[in-house]
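Next up: just one chain, as structure tokens, the form predicted alone.
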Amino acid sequence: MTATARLSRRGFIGSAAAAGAFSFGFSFPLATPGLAQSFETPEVNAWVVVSRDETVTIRIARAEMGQGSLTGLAQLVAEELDCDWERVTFELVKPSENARRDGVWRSMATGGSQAIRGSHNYVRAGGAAARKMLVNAAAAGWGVPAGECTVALGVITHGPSGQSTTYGAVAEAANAETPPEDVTLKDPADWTIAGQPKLRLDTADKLDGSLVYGMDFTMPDMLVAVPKACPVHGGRLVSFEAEAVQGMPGVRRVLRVDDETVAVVADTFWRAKTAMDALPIEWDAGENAAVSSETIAASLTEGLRAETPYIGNQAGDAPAALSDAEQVFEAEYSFPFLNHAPMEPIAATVRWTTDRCEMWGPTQVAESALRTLAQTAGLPTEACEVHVMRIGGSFGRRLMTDYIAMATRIAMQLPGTPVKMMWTREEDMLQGRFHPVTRCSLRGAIDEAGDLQALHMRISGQSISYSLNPEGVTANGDGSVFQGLEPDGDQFRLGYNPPNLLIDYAMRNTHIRPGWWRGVNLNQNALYLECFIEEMARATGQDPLAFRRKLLANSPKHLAVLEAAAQGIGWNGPAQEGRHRGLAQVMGFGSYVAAAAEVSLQDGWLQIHRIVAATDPGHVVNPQQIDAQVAGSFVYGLSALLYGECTVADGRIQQENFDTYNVLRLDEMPEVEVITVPSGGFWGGVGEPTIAVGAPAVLNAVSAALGRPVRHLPLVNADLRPAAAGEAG
């Protein structure tokens, strides 16, 4: 159905949603009369630029890092604009421009699968407003009522007279039109551009090699800085012998960056790296040098048994029910540190002077990047600029801006000279912001009828929120730890609704710096719960799908995706001889997702043959991109399941490159089938939720094949090795 957007320029009016119709206002102008000063081409409004040659440029404020949101956002604008998609291109917004225009593009942060689900209403309104302004301009030129005009593929036609014109011909006049306060958004059922499998707008320059990533960026007179920080987080830099490398080819400076970091500046990356490898450095690792994977594991295990005030979800009296139950199942799982390991290591180019500072590079949080740049440079934000670039993989790493501060501190020691700071792969791995390490104990009580009567789930491990902002952790703990497990009104996001439930948390932090890793806490929470659910089903002789059906009786959206995935894998029929299946479901990032996997084992070799994924994101903007995102999420999630583990010895991460931190190879990738079942009425994310169900679905299939549960990652530690297609089963 249609949605009406009120675009007030007089302040926030409010927002409401009823029966799918939306009415909302903004505390900033959706479109400002008069042409923007920092863009070269005259615009219709902040979202849309139409050139005389009919090229339609759509402005994109969210970051593009391979997830495809750039194209999806453009589709939403173009749909409401009624333009010719074949003529659409894009332009990335700078955070300084957003600030100068009173936040017209709203949030530029890109994380938590929020790019589309967090901005679909107002970007659609931007396209609809531009359409109305273009039609009004044409009607004014003809001296006819705008209501008598129609639009198709960027051509405006006046029905009674038969006159027609194009967007390009009236675009400049349209900019002088007063932005409308009310626009009507299309019913998704009527979409012709959105909802369709349009090819991505950001593919061509990747294919021909012309796309410049942050690590490839260059400009005249640029130098390259290679930094190195204490390999033990929290340690400090004692001294370095600059004279030992100062005379090496191309080396310009050897700098102390901060208390932990030294950098070599040279005319090329390789010369800077070569000098850094030869630089004598003395570190003081401090007390953290005594930390190891074993001491961390001991701390987490202690947390599983300790008292804790942090409760994320509770119903009935789980401890009492478990104490009185005749049949209680127990399990303990663990999830290791994981590295983001993007193909593009950390890089940023900064040029600093006493009155201006600019950064060229990738970031998921452009506005935070601008603030970090300005604060570090000691300049007002108005004197700074972040030139946003597309990202060669990030997965949450560039939600942090530590590297921007580091690059700025280096550039400040070479005033007026552009300096590209590049981390080596080893530095990128050692100084990452790691997926938090956790352990989980689970206890479940099953009655004589085979029903789950009580569940206690205790998580012990790191808090990302505490690491980044200790003040943000309240007396109720870190709510993000319970991602996917928290209550949601009368329903539980975990879908299951046993009469007695307790999910609590023991915070046990380490010196290894944690960060948001694609899917964040939903990954381990789904694995812990879904594997334990499957364990209990099999231990009591129940079909895992039938067992879940009972538990999801009051959660129809959870159940719908689970049924779709199970049907896709052929759950109700026999598997091919030697093959075994597993299931998983979860609700996260606003979407309902499930997966069914089929595997085989032979002499310790594991082959993952198939994964069927079902997702309900409410609305689908680009089905082709959903397919790609789901398959990509399985590459990432299965890499963690099979190989991913960062271990600690003498206080430092041991895995420094892909030779010790392996990832899924092409010939190990299973066949993936994606089933999309959008139910409407809400907007969910796509980039992250399915990563959480791939690993537990495969792990449950592996446990079925072995006849016993596997509870600790990665699988290579359980003497299971991935096999290329055809090598197992």
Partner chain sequence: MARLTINGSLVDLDIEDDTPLLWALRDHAGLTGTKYGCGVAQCGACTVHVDGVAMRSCVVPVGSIEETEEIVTIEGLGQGAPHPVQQAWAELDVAQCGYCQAGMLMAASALLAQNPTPSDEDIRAEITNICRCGTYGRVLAGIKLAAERMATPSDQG
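Residue numbers count along the first chain shown, from 1. Model, not experiment: these values are computed from the prediction.
The same protein has a further form, the form predicted together with its partner chain, not shown here; the description that follows concerns it.
Novice: Flag residue 665 as yes or no: does it have a non-hydrogen atom within 4.5 angstroms of any non-hydrogen atom of its partner chain in the model of the complex?
Specialist: Residue 665: contacts its partner chain in the model of the complex.
Novice: Indicate whether its partner chain has at least one heavy atom within 4.5 Å of a heavy atom of residue 385 in the model of the complex.
Specialist: No, residue 385 is distant from the partner.
Novice: Would you please decide whether residue 100 lies within 4.5 angstroms of its partner chain in the model of the complex, comparing each non-hydrogen atom pair?
Specialist: Taking the distances in the model of the complex, the answer for residue 100 is no, it never comes within 4.5 Å of its partner chain.
Novice: Even though the partner isn't displayed, in the model of the complex is residue 675 close enough to its partner chain, meaning a heavy atom within 4.5 Å?
Specialist: No, residue 675 sits far enough from its partner chain in the model of the complex that none of its heavy atoms falls within 4.5 Å.
Novice: To test your reading of this chain, name the stretch in 279-287, 177-185, 158-166, 334-342 whose heavy atoms come within 4.5 Å of its partner chain in the model of the complex.
Specialist: Contact-bearing stretch, as computed: 334-342.
Novice: Give me the residue from 295, 554, 268, 150 that has a heavy atom within 4.5 Å of its partner chain in the model of the complex.
Specialist: After the contact test, the surviving option is 268.
Novice: So which of 509, 413, 121, 624 reaches within 4.5 angstroms of its partner chain in the model of the complex, heavy atom to heavy atom?
Specialist: Of 509, 413, 121, 624, the residue with a heavy atom within 4.5 Å of its partner chain in the model of the complex is 624.
Novice: If you check in the model of the complex, do 198, 209 and 426 all have a non-hydrogen atom within 4.5 Å of its partner chain?
Specialist: Affirmative, all three are within 4.5 Å.
Novice: Check each residue of 621-657 against its partner chain in the model of the complex and list those with a heavy atom within 4.5 Å, in sequence order.
Specialist: Residues within 4.5 Å: 624, 625, 627, 628, 629, 631, 632, 635, 636, 639, 657.
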